[in-house]
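Only one chain is included here, represented as structure tokens and corresponding to the form predicted on its own.
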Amino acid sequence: MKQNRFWAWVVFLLGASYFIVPLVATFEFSLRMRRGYYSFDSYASVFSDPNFQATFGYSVLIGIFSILVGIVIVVPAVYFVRLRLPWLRPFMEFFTLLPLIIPAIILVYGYIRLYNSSSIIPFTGSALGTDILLTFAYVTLALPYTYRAVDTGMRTIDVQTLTEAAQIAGANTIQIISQIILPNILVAVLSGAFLTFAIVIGEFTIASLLNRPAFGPYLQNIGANRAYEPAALAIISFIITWGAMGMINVLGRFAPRTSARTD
């Protein structure tokens, strides 16, 4: 037993070092901007850069809209599939996996071809239209994670009973989804929201080809032109991403431990 525990710790430490050592090395390098001793000059340089503030703020705003649009699309879709169209569920699972199979560069080229300035719906003809197109692109990228988070949350409640009780009380479909179903799966929805936010913050391909001032292209531009700031940005991005993952873990503790599945 002791020998097995020893080897378990060895494997754990080796796996942890695979992630921790490069992170520590990156952090240490980010502190060496001033010769002779460690300092946070690279971080001060990043935070004082107007481009950092503009691109990060832009990505946060796009991320918020992507989360809201994703919730408005996914929650009613999962609700109706589970309540009235259970035969459609395998097809839903297949289609929501497509963004993991189709590369982002193919997706964005398709968007540009379909919605360029000479098309019927010229999204790319204006900045606002391109922002809308970018938002829907991020909704598509996050769809596999948002759908599965919402679907898992929906399994933990008795959708049929809640719907029937609400209908008896006189609630319409919008009221049922927004005031009864959504609050009961809020933890799952927030988990999908944090995953969407993590995707938006680090995404480069779509934002770059649509020529939008997002955080991902800014990271690439800084990495190509400076030395210490990219290391600082890597640490900042790591903290943001893992902060989102940590929030998912915290929210998971409040999720229901029993399932009221009816299928």
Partner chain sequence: MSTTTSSRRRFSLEFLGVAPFIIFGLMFLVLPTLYLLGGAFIGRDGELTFDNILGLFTDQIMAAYWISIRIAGASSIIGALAGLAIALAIIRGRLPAPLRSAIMTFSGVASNFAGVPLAFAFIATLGRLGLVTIIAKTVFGLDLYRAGFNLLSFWGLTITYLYFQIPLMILIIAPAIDGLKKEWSEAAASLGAQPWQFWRYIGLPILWPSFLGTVSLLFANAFGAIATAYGLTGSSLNIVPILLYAQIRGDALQNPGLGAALALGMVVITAFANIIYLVISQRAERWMK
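Computed from a prediction, not measured in an experiment: that's the story for all the values here. Residue numbers count along the first chain shown, from 1. Basically, rigid core = biggest C-alpha set you can superpose within 1.5 Å across the two forms.
Although not depicted, the form predicted together with its partner chain is the subject of the following passage.
Shown here without its partner, the chain carries G15, L23 and F95, all of which come within 4.5 Å of its partner chain in the model of the complex through at least one heavy atom.
Checked against its partner chain in the model of the complex, the candidates Y58, F204, F52, Y43 yield a single residue with a heavy atom inside 4.5 Å, and that residue is F204. Exactly one listed residue, out of I67, L219, A214, M33, brings a non-hydrogen atom to within 4.5 Å of its partner chain in the model of the complex: L219. Taking the partner from elsewhere, L195 is found to have a heavy atom lying within 4.5 Å of its partner chain in the model of the complex. Although the partner is absent from this view, I73 contacts its partner chain in the model of the complex, with a non-hydrogen atom inside 4.5 angstroms. Mapping the unseen interface onto this chain, P230 counts among the residues with a heavy atom inside 4.5 Å of its partner chain in the model of the complex. With a 4.5 Å cutoff on heavy atoms, P99 counts as touching its partner chain in the model of the complex. Interface residues of 122-160, taken as those with a heavy atom within 4.5 Å of its partner chain in the model of the complex (partner not displayed): F123, L133, F136, V139, T140, L143, in sequence order. Shown in the overlay between this form and the one not shown, fitted on the rigid core, is a CA shift at I239 smaller than 2 Å. When the rigid core is held fixed, the Cα atom of V10 travels 2 angstroms or more between this form and the one not shown.
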